[in-house]
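Quick heads-up: it's one chain on its own, the form predicted on its own, in C-alpha cells.
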C-alpha cells in the first residue's frame, strides 16, 4: 500500500488532501518481482495533460497518404487512448473543431480511430473468449505456445525483426504496420501461437491492452479475418524506407513473391523456421503475495476506483463524484504471471500524478488481487459504494462483479464513438453503420478497409 500526501507527526501515515508526486521507489518496492527493467523515469510522459498537448499539436493532413510508412505522420496518441487519458470521442471532436469538415484531412484518421471502437465492441461481445480463437484458423500451420530465446533476446539474426524487437523492448512502441509484420513473422514464419505473441506485446507496449492487441493478433493469424495476413520483403522495404534491408546480410525469409510465400507458408504442414531457438520460460500465476498496512483512506461513504483504462479527470466516475476519495490498484497476480516492463508502470504513475495535480487531492495506490485490494480501500474509508468507469476489460469487469457481492458498485457509462448493435464480425460491416456517426458521411461503397 502506498499512501499520498505528507507524513503525519505521530503515526508516519500520510494526511489526506496533500498532493505530491507518487514515490516511485516505494512503488517499485511494493511491486518487486512483478515487472521487468530498472525503475526510473518513464520513456514517454504519461497523463491527460500530455495527451491534450499532443492532440493540440497534431495535424492529420498527411495521415491518409503516409500512415503505413514507419516515419509517417501518426499521432502517437494510442497509449493515452488505451489508458483513458483522452477518449476517441474527444479526439474526434477536437479535430473537428480545429479543422472543420475537411474530409480529405480527417476521414482516414477517423476511420483508423474507429478500429479502436470496433475492437472495444469485439471485447465487449466476447469477453475472455477474445483470449482464444474467435474463428477456426484458415490454414493448417501448427502453433507452439512458447517464447523463443532468440526473440526474447532480440537476436534472431534478421535486422528487420531485431529492429522491431529493439524498439518494442526499449521504447514500448511499434508502428502499427511493424506490429503486423512482426505478428506475421511470429505466427506464419515461426509457427508460434498468437496468444504468446499477444502476451509479449502486452508486457512491453505502452498501449498494450486486451481489445486492440488480441483482436489484431487474431486478424493476422486469420482467426478473426477471412484469411491470414503476411508480407514480403518488398513490402517491408518500401514502408520502412529500406533502413533494415540495406544492412541485411541474412538469408531473407521474406524475399519472395506473395504467391510463393502463400505456397510456402500455407501449403505445407510446417511453417519455415518453426522450432528454432530455445524457450524462455514465463512465470506462472500466483497469489498477490503482498502484505502491508491498511490503506490510509479518509472516511467517506463512496470512493472512485480509477482503473488503468480511466486515468482522466474527465472520467465520468470522477466527474460525478468530485469529493470522493480515489483509489488505483495494481493487479499483482496478473503482473506476476505477465510482468510488464517498468516503462509501462511509469507511464501509469505519470497519469496518476497528473490526475492528482489537476484535482488537488491524492490517489491512493494499492496492489493485490484487484477485487481484494479495492475492497480493502473501500473498507478503510468506510465506504459502501464504489464508482468506476464501465469497461469490458475482463480483469476489471470481473473484479467489479465480485465487489458487487459486498458493495454497491456503480459503473458509469463512457461515450462510444459509434453505436452499432449486434456481434462485431468484420470491420467493413461495422464501418458501414459507424461511418455516418464518426465522420458525418456514409462509408464509400467498394472501398478497401485494410488495416
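Residue numbers count along the first chain shown, from 1. All figures in this text were calculated on a predicted structure; none of them were measured in a lab.
There is another form of the same protein, the form predicted in complex with a small molecule; it is not shown, and what comes next is about it.
Can you work out which of 364, 354, 331, 209 has a heavy atom no more than 4.5 Å from the small molecule in the predicted bound form? None of the others qualify; the residue that does is 209.
Which pick from 199, 175, 143, 146 sits with a heavy atom within 4.5 Å of the small molecule in the predicted bound form? Contact residue from the list: 175.
Looking in the predicted bound form, any heavy atom of residue 205 within 4.5 Å of the small molecule? Within the cut-off, so yes.
Does residue 265 reach the small molecule in the predicted bound form if we count a contact as any heavy atom within 4.5 Å? Judged by the heavy-atom cut-off of 4.5 Å, residue 265 is well away from the small molecule in the predicted bound form.
Can you work out whether residue 370 and the small molecule are in contact in the predicted bound form, taking contact to mean some heavy atom pair no more than 4.5 Å apart? Taking the distances in the predicted bound form, the answer for residue 370 is no, it never comes within 4.5 Å of the small molecule.
So, residue 312 and the small molecule: in the predicted bound form, are they within 4.5 Å at any heavy atom pair? No - in the predicted bound form, heavy atoms of residue 312 and the small molecule never come within 4.5 Å of each other.
Tell me which of 123-131, 109-117, 239-247, 345-353 has residues with heavy atoms within 4.5 angstroms of the small molecule in the predicted bound form? Answer to the contact question: 109-117.
May I ask whether 77, 180 and 183 each come within 4.5 Å of the small molecule in the predicted bound form, counting any non-hydrogen atom? Each of the three qualifies.
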